[in-house]
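Coming up is one lone chain in structure tokens, specifically the form predicted alone.
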Amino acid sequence: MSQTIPLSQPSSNPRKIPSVVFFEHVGELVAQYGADPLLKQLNELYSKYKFMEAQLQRSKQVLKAKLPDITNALEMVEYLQSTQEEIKVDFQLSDCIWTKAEIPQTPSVALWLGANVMLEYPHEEAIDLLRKNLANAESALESTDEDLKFLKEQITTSEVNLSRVYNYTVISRQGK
């Protein structure tokens, strides 16, 4: 049965990502827990942090892709609300086929919410919803950036701990 080594501690991070404990006295830890179990658990913790970092990077990319879409939709709804006449547009039917259309002034607009869901909203409600979605996306992006910065610090500390333990074991084996 392997012994759990206290490698991390609770942190004040909003997502409750644990912070890595920096090893001050590597020799004492190696003597107490053994080099191989210590290295194994350190590698495990390092892998977890790298996995979290990859997940947050993907999340950040998705959020960055959503921001321009939400902003464009918001601008278009605001334009439709301010216009009192028909709008003449050219739009693309397929790769090489374009057509002309006239969009009549309407009191509502249909918003694509995703997952094959489209709902019709009055202009004011659509603008409110899009502004709320834009604020949420910007807030989530900010939070994700903070978490990535925190994770980078934890990954660096994990790497330092790993190398210190490894170097200690190499030096102690050479001394024998």
Partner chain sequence: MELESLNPQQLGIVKEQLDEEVEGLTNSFANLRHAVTKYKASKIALENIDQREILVPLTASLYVPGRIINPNQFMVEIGTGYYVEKTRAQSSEFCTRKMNMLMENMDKISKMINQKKRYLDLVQEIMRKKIQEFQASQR
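Positions refer to the first chain, counted from 1. Computed from a prediction, not measured in an experiment: that's the story for all the values here. Throughout, rigid core stands for the largest set of C-alpha atoms superposing within 1.5 Å between the two forms.
Beyond what is shown, the protein has a form predicted together with its partner chain; the following relates to that form.
- Scanning 110, 54, 135, 31 against its partner chain in the predicted bound form with a 4.5 Å heavy atom cut-off leaves one residue, 110.
- Among residues of the shown chain, residue 85 is not one whose heavy atoms approach its partner chain to within 4.5 Å in the predicted bound form.
- Under a 4.5 angstroms non-hydrogen atom cutoff, its partner chain in the predicted bound form has residue 69 among its neighbouring residues.
- Shown alone here, residue 62 lies farther than 4.5 Å from its partner chain in the predicted bound form, counting heavy atoms only.
- Applying a 4.5 Å heavy atom cutoff to its partner chain in the predicted bound form picks out 69, 72, 73, 76, 77, 80, 88, 89, 90, 91, 92, 93, 94, 95, 96 from 63 to 96, in order along the sequence.
- Core-superposed comparison between the shown form and the other one: CA of residue 79 displaced by less than 2 Å.
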